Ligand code: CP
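Take a look at this single chain in structure tokens; it is the form predicted on its own.
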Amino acid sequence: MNFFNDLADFSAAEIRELILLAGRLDKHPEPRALEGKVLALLFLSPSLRTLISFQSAMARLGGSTFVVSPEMSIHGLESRSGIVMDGIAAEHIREAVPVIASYGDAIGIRAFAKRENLEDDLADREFHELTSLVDTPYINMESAINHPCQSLADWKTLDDLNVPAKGGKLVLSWSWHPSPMPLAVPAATLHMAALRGMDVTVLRPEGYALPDALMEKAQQAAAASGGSVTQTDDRASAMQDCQVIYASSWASPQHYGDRKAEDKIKPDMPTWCVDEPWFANASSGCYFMHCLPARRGVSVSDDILDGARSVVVAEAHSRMLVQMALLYQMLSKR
């Protein structure tokens, strides 16, 4: 495996093999599997779980990591092409990224969406520019339009909970957030659940329908795996017999890059804060999932986040396990 950028690059069977490997490494550790190997971690956007889950995964396999972030210890990085560098940034990514990659056996890169131009972010142009600068294996630790490690962990979490693949119903719901958020998590979650073979409903307010390109990609995955994908703003019908609700926040594609315009159409916060009444029509034992961090009392109530429905901590733990499997496949000679 030379790269891990998108679950769409793999078949459902290949993903299941990775998840099985994650389970095996959890039960039967191999603490010297990656002895002498080094993972470079480049964070151009902040992280908690992604950072420490990769560090822990590499350490448990006997390897080591180093972390580079403009906020931590290096000069400001310039990313624009053709720029005269007479401002604050002292180094350009065209030199910095290849150097960073050359010090590791693989590199993980995290770079959020700029949320200025929808077409650019849907094409993941900035991330592709970064990966074009490296010749070592790389892992997408979240880009403008994808978060494959989170989705791999979510797939494992669903398996661990015995949520059915074919016939299982997952609702991907927009939830309130004070800021316009990237499309990466909802896009990756939608595709993951569709590829798994689930019946997926995107629940969102008017003005927040996911772009056609994301829906079409998920629909193709669903067709291949026996699932289905729909969108609605009708909560009662969406939650009918739901087995999992996955809450996420994303910017309005209708007003992408224009926060003032989005604020005018944004619904009231209480209407889109996940709480117990949402589950009135759901199946008994319906789970609540979220990639974290979650805004308490804004995106989800304390009662749900702290209650029996919530599996967010298990999701976060799964991040470390599936990333162990990825690193093992990418760097181990065994």
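From 1 onward, residues are counted along the sequence shown. Source: prediction; values computed, not measured.
There is another form of the same protein, the form predicted in complex with the named molecule; it is not shown, and what comes next is about it.
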property: Which of 26 to 34, 284 to 292, 302 to 310, 264 to 272 lines the interface with the named molecule in the predicted complex (heavy atom within 4.5 Å); result: 284 to 292
property: Heavy atom of residue 191 within 4.5 Å of the named molecule in the predicted complex; result: no
property: Residue 110: touches the named molecule in the predicted complex, heavy atom cutoff 4.5 angstroms; result: yes
property: Residue 55 within 4.5 Å of the named molecule in the predicted complex, heavy atoms; result: no
property: The named molecule contact at residue 69 in the predicted complex, heavy atom, 4.5 Å; result: no
property: Candidate from 196, 147, 204, 156 lying within 4.5 Å of the named molecule in the predicted complex - any heavy atom; result: 147
property: Residues of 301 to 326 having any heavy atom within 4.5 Å of the named molecule in the predicted complex, listed in sequence order; result: 319
